[in-house]
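Shown here is one chain on its own, the form predicted alone, set out as structure tokens.
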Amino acid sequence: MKALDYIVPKSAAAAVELLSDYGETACLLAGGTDLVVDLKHGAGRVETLVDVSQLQECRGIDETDEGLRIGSMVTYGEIMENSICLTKTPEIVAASHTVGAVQTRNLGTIGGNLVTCVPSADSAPALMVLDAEVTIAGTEGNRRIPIEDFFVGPRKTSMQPHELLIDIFIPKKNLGKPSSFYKFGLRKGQALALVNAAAALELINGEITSPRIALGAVAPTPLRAIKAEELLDGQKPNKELITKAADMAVAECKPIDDFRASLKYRQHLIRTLTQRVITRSLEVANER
């Protein structure tokens, strides 16, 4: 790997300015778990690393009157040990447990996972079912967008080259919402998901309210199963309804057929995991 210049900006604004000035020759460094591997296989035009891992604007997990803010540079290990996340966003904690090995979870950041934007990103479905939003810093200031609008294609986000992901925000109304997360890979640990799934819902007067279903590794980007959500909304739960919703989720996905799994097997996983996350979310709602 060739020698690279290394800069540690003192603020998010300074980092954005560096990215704007250096253009394609600069690259952000967060946890480095993906970046270092990529650099070892060829740095391309990259000549400068801009280390944003300790920027205060991108650190911390804070609950406010509006909701929960998770800094983009927060590691998975920090999420797994945070008392707020453990009690109010258990699906995000569950997703964090499935990321790589212990070393990866202690270095890898939730923001880095989102920015890498692989279809199988474990954190994406868990955030999507909570209607999460992301804050992005650029030369013209900050903007906040729904997380679904963040994913454009495989390894491609809606961010501009000079922009920086600051944090993830979850609205207060969704903190503690009954939810669940499941992942299926080819081995028990350190595996990319063949399919991952999350669901969140409320159960009011015996009827499903505000259902959310999100899936990963089933299309070019993580996605919401909107039609399946609409089928569930306002209905009294039963096995037949859940089965129909899972079938509808399969129809909304576009899984690939490759050496890791056939199209038919991936469709089976989508159906099975969708049934499981809905069922488990209903169990949590009933327990409460």
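One rule holds for the numbers: they count along the sequence shown, beginning at 1. Worth saying up front: this structure is predicted, and the values here are computed from it rather than measured.
There is another form of the same protein, the form predicted in complex with a small molecule; it is not shown, and what comes next is about it.
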Quiz item: in the predicted bound form, does Gly31 have a heavy atom within 4.5 Å of the small molecule?
Solution: yes
Self-check item: 4.5 Å heavy atom contact, Gly185 and the small molecule in the predicted bound form
Solution: no
Quiz item: Is there a heavy atom of Ile79 no more than 4.5 Å from a heavy atom of the small molecule in the predicted bound form?
Solution: no
Practice problem: Would you please decide whether Gly112 lies within 4.5 angstroms of the small molecule in the predicted bound form, comparing each non-hydrogen atom pair? | Solution: yes
Quiz item: Taking Leu130, Pro146 and Ile208 as the candidate spot, are all three within 4.5 angstroms of the small molecule in the predicted bound form by heavy atoms?
Solution: no
Quiz item: Among the candidate residues Val152, Leu175, Leu192, Ile84, which is the single one with a non-hydrogen atom no more than 4.5 Å from the small molecule in the predicted bound form?
Solution: Leu192
Self-check item: Contact residue in the predicted bound form, from Leu165, Ile92, Ala214, Ala217 (heavy atom within 4.5 Å of the small molecule)
Solution: Leu165
Self-check item: the small molecule in the predicted bound form: contacting segment from 197-205, 138-146, 84-92, 101-109, heavy atom within 4.5 Å
Solution: 101-109
